[in-house]
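Here we start with a single chain on its own, the form predicted alone, put down as structure tokens.
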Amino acid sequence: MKNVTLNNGIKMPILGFGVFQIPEEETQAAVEAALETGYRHLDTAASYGNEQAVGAAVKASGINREELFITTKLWIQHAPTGNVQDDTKQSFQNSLNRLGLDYLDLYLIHQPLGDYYSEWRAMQDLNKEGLTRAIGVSNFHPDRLVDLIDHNEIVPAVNQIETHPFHQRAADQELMRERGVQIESWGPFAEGKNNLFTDPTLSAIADEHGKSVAQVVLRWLIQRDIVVIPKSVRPGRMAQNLDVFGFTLTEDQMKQITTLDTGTSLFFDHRDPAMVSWLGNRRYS
């Protein structure tokens, strides 16, 4: 497995297993299968409602904790204690308890909404205390990311954002590279939108390598040094997604995929007032 080195020296597997939208009752079996297949990087979130199942799978696997890289995410805090920093630390502990872990490898602010500056100050404390080896953000556009960096002590190690062939984020990635932030893709297959799995360009490249379109997309991301966390509940597909290190896309094939970029989200806009209000009023702890 190829690793990337985060800005604090921590090694992070470039390919992991995501559990977004896997029902809680199916998550433990899916994660156990992923670990059996060879995944050692797991990604969940408080808002997914399946942290406990992820933790149960980790425990059942018997794999040494040091061999795993585990990420979860902090939802927007509404400060029932009256103090966002205290509330953030309590939410972190709730996630840790559900996962059954003593520490995290990466803790992310899930949304760039609410008082995320207070959240970040609390996360800096958690990082300094060794409770999470690295801290980062998710869904941050460049302006908010730069502002957070410029006014805080610790630079986010990771920014997990929508990244796939139809929304490639090249300019965002370049800014992150300049600022020492690792880009991580969520939604690498665009959930099949725009007929991704039958796209003529991707299908032709897949045929040239004797691979699937999914494998080509993952390889394209990895060759761009983008961390990626595909999801599947099928062991065969899990294995296929992991089998992307034995071939290389040519420079011309990489350029062909570049032409698919639409430059816009296929899911939602974090700058849309209605979406901001909808996200901001959801409650998770």
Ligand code: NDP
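Position 1 is the first residue in the sequence shown; the rest follow in order. For clarity, every value in this text was computed on a predicted model and none was experimentally measured.
Although it is not shown, the form predicted in complex with the ligand is what the next lines describe.
A.B. asks: Given that the partner is absent here, state which listed stretch (202-210, 133-141, 85-93, 174-182) has heavy atoms within 4.5 Å of the ligand in the model of the complex.
C.D. replies: Contact criterion met by 133-141 only.
A.B. asks: To verify the annotation, which of these, 229, 34, 244, 57, has a non-hydrogen atom within 4.5 Å of the ligand in the model of the complex?
C.D. replies: Contact check passes for 229.
A.B. asks: Does the ligand get within 4.5 angstroms of any non-hydrogen atom of residue 189 in the model of the complex?
C.D. replies: So residue 189 counts as contacting the ligand.
A.B. asks: Check residue 72 for me: does it contact the ligand in the model of the complex (non-hydrogen atoms, 4.5 angstroms)?
C.D. replies: Taking the distances in the model of the complex, the answer for residue 72 is no, it never comes within 4.5 Å of the ligand.
A.B. asks: Answer yes if any heavy atom of residue 51 is within 4.5 Å of a heavy atom of the ligand in the model of the complex; otherwise answer no.
C.D. replies: Residue 51: no, not in contact with the ligand in the model of the complex.
A.B. asks: Consider residue 233 of the chain shown here, and say whether it contacts the ligand in the model of the complex, taking contact as heavy atoms within 4.5 Å.
C.D. replies: Judged by the heavy-atom cut-off of 4.5 Å, residue 233 is in contact with the ligand in the model of the complex.
A.B. asks: With the partner absent here, would 19, 43 and 110 each sit within 4.5 Å of the ligand in the model of the complex, counting heavy atoms only?
C.D. replies: Looking in the model of the complex, the three residues 19, 43 and 110 all sit within 4.5 Å of the ligand (heavy atoms).
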